[in-house]
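First comes one chain, alone, set out as structure tokens in the form predicted alone.
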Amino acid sequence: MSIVTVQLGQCGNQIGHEVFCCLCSDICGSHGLCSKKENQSYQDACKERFFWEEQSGVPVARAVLVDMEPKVISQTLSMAARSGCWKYNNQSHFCQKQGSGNNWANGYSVHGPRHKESIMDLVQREAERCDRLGGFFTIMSMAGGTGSGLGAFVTQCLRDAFPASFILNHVIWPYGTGEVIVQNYNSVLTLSHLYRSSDALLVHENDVIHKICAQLMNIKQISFRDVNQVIAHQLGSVFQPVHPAEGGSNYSRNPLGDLMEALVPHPEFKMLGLRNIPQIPENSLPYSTFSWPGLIKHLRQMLIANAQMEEGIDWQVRPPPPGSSTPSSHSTKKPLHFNTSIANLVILRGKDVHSVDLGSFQDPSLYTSWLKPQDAFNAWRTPRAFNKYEKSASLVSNSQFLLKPLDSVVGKAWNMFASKAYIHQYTKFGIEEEDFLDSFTTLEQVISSYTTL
């Protein structure tokens, strides 16, 4: 089944471009780790999922590009065309001249309704190109105006127009130090609206990816492109074809559906986090060796200690002993922050994947009490290596990982709201104080649900 990607705003379009570049370099790469037949079916499955072919044989991304200013879209279109490996369809983009000025209300209440028909026509056309439509993958930022405001509006339109299709929103969490003065307002409004219309939200935090670039990739002067390439690599490690069931030899037919089935057992819990190991500079790969037991041990500890990368993991954190409802305290009297999960999905790619023991992820103490570990844990595998890594493992987790950042954003937004700061910027575009209160209520409920796991 095919996925239509909707790239929204500057951030969404730049990341979307890197995702398609990553997918293309992966399927064009020569991987001697699996049979020719395996490699061919992998490439075919990827192409059906993310591309359609022109008569010339060039893969064209199944994507719609939307922004309220033209600069980023024209750069993105020309960079893709210059790559020679793939391109965007020149008729599948929509842009205007004026931007949204980092104002969520402007994107949601003004640009959204005004341009709804044009944008949804492009989406409809792209959906009709699919033999079988699996769903939509939107890429957007939470901090600005177009990606967040217009993105939330477009997601609602997708839900109305395609009620039976899966919608996964990929959301970029802003830097904690701040990019925009009203980013916390924009974030609260975006998350609460997406929670109503999306099937799941896959979240990447800018601060975490920045750290990965600095500490794991050894990049000295980090650009947005560096950050976006790490995000694209992590997304590719999940969305490239993989065998879903134990011992199954067919690639997953419905990637978004399989992902939701494995990870979203209840509509109250839709926040997904993504970790991927190993991640090292490309020039270090020839000198590095990894063992599956080592990778799995690190990945499990990253999950329970809520570490976003394999460096600096707190190895002191342990699952609570059976029968205890709260994690015990540390000898230094500092409580351990144990990250309880609802559901986890581990994806293994590369050499000897079928011999890997994942029993440690089926420990009942990792999960909430209302799900059996066999229902809460899934593993997908493929012997086809991913992007030059002989062995790689990804973990998509529905857990308490976002509680702290979510609580912080809601708290900061509430403090501004309580003193009525910048509210007039939103009311002039039709977003009233009641809308803010509804959004706060929605997210307080999300925080409360995840806290009580």
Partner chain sequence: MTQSVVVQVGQCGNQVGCRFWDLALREHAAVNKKGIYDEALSSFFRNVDTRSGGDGPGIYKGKICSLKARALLIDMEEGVVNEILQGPLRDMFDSKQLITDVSGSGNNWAVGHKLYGYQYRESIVEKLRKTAEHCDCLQCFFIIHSMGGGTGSGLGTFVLNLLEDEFPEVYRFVTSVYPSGEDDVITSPYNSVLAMKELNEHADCVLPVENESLFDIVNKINQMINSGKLGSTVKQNSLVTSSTGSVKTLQEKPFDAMNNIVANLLLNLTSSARFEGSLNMDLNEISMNLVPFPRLHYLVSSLTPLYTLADVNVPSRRLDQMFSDAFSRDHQLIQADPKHSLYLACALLVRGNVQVSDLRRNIERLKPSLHFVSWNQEGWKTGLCSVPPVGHSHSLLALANNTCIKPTFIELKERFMKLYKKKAHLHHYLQIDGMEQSCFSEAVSSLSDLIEEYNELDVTKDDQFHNEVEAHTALGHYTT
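Positions refer to the first chain, counted from 1. As the structure is a computational prediction, the values presented were derived from the model and not from experiment.
Omitted from view is the form predicted together with its partner chain, to which the following refers.
Visitor: With its partner chain left out of view, choose which of Ser341, Asn276, Thr155, Ser100 has a non-hydrogen atom within 4.5 angstroms of it in the model of the complex.
Guide: In short, Ser100.
Visitor: Quick one: from Cys130, Val356, Ile222, Leu371, grab the residue that has a heavy atom within 4.5 Å of its partner chain in the model of the complex.
Guide: Only one listed residue qualifies here, and that residue is Ile222.
Visitor: Using 4.5 Å between non-hydrogen atoms, is Glu390 touching its partner chain in the model of the complex?
Guide: Close contact is absent here: in the model of the complex, Glu390 is far from its partner chain, nothing within 4.5 Å, heavy atoms only.
Visitor: Is Gln425 close enough to touch its partner chain in the model of the complex, meaning at least one heavy atom pair within 4.5 Å?
Guide: Answer yes; at least one heavy atom of Gln425 falls within 4.5 Å of its partner chain in the model of the complex.
Visitor: With the cut-off set at 4.5 Å between non-hydrogen atoms, does Gly178 touch its partner chain in the model of the complex?
Guide: Because a heavy atom of Gly178 falls inside 4.5 Å of its partner chain in the model of the complex, the answer is yes.
Visitor: Find out whether any non-hydrogen atom of Met416 is located within 4.5 angstroms of its partner chain in the model of the complex, and reply yes or no.
Guide: Heavy-atom contact with its partner chain at 4.5 Å: present for Met416.
Visitor: Just one of 40-48, 395-403, 62-70, 381-389 has residues with a heavy atom within 4.5 Å of its partner chain in the model of the complex, so point it out.
Guide: Selected range: 62-70.
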